[in-house]
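Taking the form predicted on its own, here's one chain by itself in C-alpha cells.
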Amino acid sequence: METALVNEYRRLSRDPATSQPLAYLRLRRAIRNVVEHRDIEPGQALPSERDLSRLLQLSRVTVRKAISGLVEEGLLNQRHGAGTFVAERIIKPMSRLTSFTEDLRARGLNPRSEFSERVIGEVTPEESMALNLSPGVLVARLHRVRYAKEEPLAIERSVVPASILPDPTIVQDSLYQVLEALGARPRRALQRLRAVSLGAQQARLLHVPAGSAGLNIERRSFLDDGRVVEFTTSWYRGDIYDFVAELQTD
C-alpha cells in the first residue's frame, strides 16, 4: 500500500493536468485515489504521519492537513492511540425495498437495536398527513438506535398504524419481519434523502462529534392496496453509509 500511495503521489506531481499547486491537496487526492482503486482496503491502517513524511519528503504539518480533510469528508477515521484507518463504508442500494436488518445480515454483520420507545399513542398532525390517517387514530411508535458490531449506525423513528401493529413490543429487531408475519410487509416506498449536520443529541447517540455529516431519510411505505403502512424518519452516519441508485435512460 505504501508503494501504491507513493507512486500515485508522484504521478500527480508530474502530471500537469492533475497537479495541485499545494502539496497537501496532492496528497489528499493521492490517498483518495488509492482508496477508490482498492489499493488499500476499508478498515486498513494508513502509514503513520512520520512514515508518510519520510516516504514523500513532506512536512508532518502538510501530511496532517491532508489527512484531516479526508477525516472530515468521512473517507478516513482516526482512533486515538491506534492511528488513521480507511473508513468501512456500507453500500445501500436504493433500487430494492429492504430492511436495515436484512441489509446488514447480507453483509455478515450482526444488527441489533436499542429502543428508547415502543408505545401506542394518538397520531400527530405530521403523522396523520404522512400515513393518510384521520385525527384521533392510534399508531405504534418505535424509536431506536440501530447497531452493527456494537457500532451505532443510525437513529430511526418509525410510525405504523395500530390497526396493523397493535403491539409494538413484539418488534425486537426487524420491523419488516414482523410486518411480514402480520401479512402487511411493504411492497413499495417513497424516500427523501437529505444531507444534514448531526445535532448534539443525534451525535451523542451515534458516537460522533456534533456537527458531523449525516444523512436524513424519510420513508413512506405502501401495501399493495395503496395504504401507507410505515412512516420512518432516520438519521444515518455519513462517515459509514453510501446510498447508491441505479439510473437508466428509459
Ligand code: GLP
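For every residue, the number given is its place in the sequence shown, counted from 1. Keep in mind the model is a prediction, meaning the values are calculated, not measured.
There is another form of the same protein, the form predicted together with the ligand; it is not shown, and what comes next is about it.
**Asked** Does the trio F100, S158 and D173 actually contact the ligand in the predicted bound form, every residue with a heavy atom within 4.5 Å?
**Response** All three within 4.5 Å in the predicted bound form.
Using a 4.5 Å heavy atom cut-off, which of 150-158, 77-85, 132-140, 118-126 contacts the ligand in the predicted bound form? Within 4.5 Å of the partner lies stretch 150-158.
Is the gap between R219 and the ligand in the predicted bound form 4.5 Å or less for some heavy atom pair? Yes, R219 sits close enough to the ligand in the predicted bound form that at least one of its heavy atoms falls within 4.5 Å.
Should E230 be classed as touching the ligand in the predicted bound form when contacts are defined as heavy atoms within 4.5 Å?
Although the ligand is absent here, E230 would touch it in the predicted bound form, with heavy atoms inside 4.5 Å.
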